[in-house]
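The form predicted alone is given below as one chain in structure tokens.
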């Protein structure tokens, strides 16, 4: 697939500066959409060129998406085959093996690992793969060939049920591409055992992005009473119990998530320490507040409150409300963890909502740690919005 064989996508006059600065995307309004360009089959590989004709790189092209091109290689003559993918996979795997030490991690984090629109989470000899762009969807057979060559996994699940696929004109589906999946599988994180549902769970079945934050909070939980709200499969709460918490309450509205958390508690021998409650989080927080309950550690790791720009104002206020309801439950001198995975909520906005929520609750304290996603979720230097996870740990007076 050399340069001369690929169709050309031409940037409009004056629209090449951002791409030249290292940004891996070109938007549809930056592309010269003439008849020849519109005739390129959506999802094709193409050569992205500056207005003067200079080749800027090899891209996937989708004229129907806001993100019209996604950079695969700055070398316009690169050959995109299983070896191309294999080199990216090998580099990413070497980094994770060095950083994490066990084969349970995010293997590919999209643009940051040179495979735009692709997420691969590794669960030992099982892989959960999510492909969120049309160009990479068409290249999925090549990606699967490379995954087979590099890792020889027993199971590969194409967890292609993300809502963002609709923006690319893709259907949402979950397909077992290799092997069998008879139920949840075990994973190891921070020395504790958990289970993940690769086919039916949220995202890819587990949230590796909170690994480092879970370890930090578990370190504060020895001898403590812990409340874990939006607990999902127990990543925070069960680890806290394993690290010596006196008692843990996990609250989530999903019964399957709570069942997974119960299973994790049993796997780690802490089932007598952890209790579980199926409830809407805000209702549970209000109820606990009305009862005057206090905890040494309160953890709030909610799903995204802001999924589109039109939801930004109301969604951001949701974090303020969450802090207003949760902060009163923290005992004096206790610790409070709150996170946002909404990429549209930037760190200053999130910090402001936390500050306002504390003020509403008449609580003061100090920020001990502002953190993001774990190290296996690297950020592309030109895509700061990919640093989607924001978390704050505070001690409250």
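Residue numbers count along the first chain shown, from 1. These numbers were taken from a predicted model, which means no experiment stands behind them.
Below, we refer to the form predicted in complex with a small molecule, which is not included among the displayed structures.
*Asks:* Which of 223-231, 80-88, 118-126, 99-107 has heavy atoms within 4.5 Å of the small molecule in the predicted complex?
*Replies:* Within 4.5 Å of the partner lies stretch 223-231.
*Asks:* Could you tell me which one of 319, 295, 276, 207 places a heavy atom within 4.5 Å of the small molecule in the predicted complex?
*Replies:* Selected residue: 207.
*Asks:* Quick one: of 254, 247, 160, 190, which gets a non-hydrogen atom within 4.5 angstroms of the small molecule in the predicted complex?
*Replies:* None of the other options qualify; the answer is 254.
*Asks:* Report yes if any heavy atom of residue 199 sits within 4.5 Å of a heavy atom of the small molecule in the predicted complex; otherwise report no.
*Replies:* It does not: once the small molecule is placed as it appears in the predicted complex, residue 199 has no heavy atom within 4.5 Å of it.
*Asks:* Just checking whether residue 179 would be counted as a contact of the small molecule in the predicted complex - the rule being heavy atoms within 4.5 angstroms.
*Replies:* Residue-level check for residue 179: no, no contact with the small molecule.
*Asks:* Are any of the heavy atoms in residue 214 no more than 4.5 Å from a heavy atom of the small molecule in the predicted complex?
*Replies:* Because a heavy atom of residue 214 falls inside 4.5 Å of the small molecule in the predicted complex, the answer is yes.
*Asks:* Spell out, yes or no, whether the shortest heavy atom distance between residue 303 and the small molecule in the predicted complex is within 4.5 Å.
*Replies:* Flag for residue 303 set to yes.
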